[in-house]
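Next up: just one chain, as structure tokens, the form predicted alone.
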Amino acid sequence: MSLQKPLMRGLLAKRLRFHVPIAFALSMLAAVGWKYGVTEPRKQAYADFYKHYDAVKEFTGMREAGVFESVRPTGE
């Protein structure tokens, strides 16, 4: 009883035919998971924040707190 010789011819092509579709499917799954797990909630959070954000009110509050050097509070 002798051992079978290892099949070296075409080994890379054979393994690539198996692994490339799996890698592609996993990468697509990761991309879709990232899009709907991270970016969509982030976009929704920004939309919710800026829906009720008043820039003039924020500016007035910072001006009255003395944050800016070039703009004096209204009381001074």
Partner chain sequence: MVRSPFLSLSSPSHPASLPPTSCFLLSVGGDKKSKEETGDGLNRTFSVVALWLLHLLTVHFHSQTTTMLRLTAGRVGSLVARRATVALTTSSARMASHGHEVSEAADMSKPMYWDRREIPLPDKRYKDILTPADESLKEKEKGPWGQLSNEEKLALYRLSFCQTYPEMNQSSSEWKTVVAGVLYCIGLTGLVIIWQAAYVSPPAPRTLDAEWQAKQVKRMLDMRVSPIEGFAAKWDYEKGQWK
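Everything numeric in this text was worked out from a predicted model, so none of it was measured. Residue numbers count along the first chain shown, from 1.
Only in words, not in the display: the form predicted in complex with its partner chain, which the text now covers.
Although the partner is absent here, G61 sits close enough that one of its heavy atoms falls within 4.5 Å of its partner chain in the model of the complex. In the model of the complex, at least one heavy atom of A65 sits within 4.5 Å of its partner chain. Interface membership of H19, defined by any non-hydrogen atom within 4.5 Å of its partner chain in the model of the complex, is ruled out.
The closest non-hydrogen atom of K14 lies beyond 4.5 Å of its partner chain in the model of the complex.
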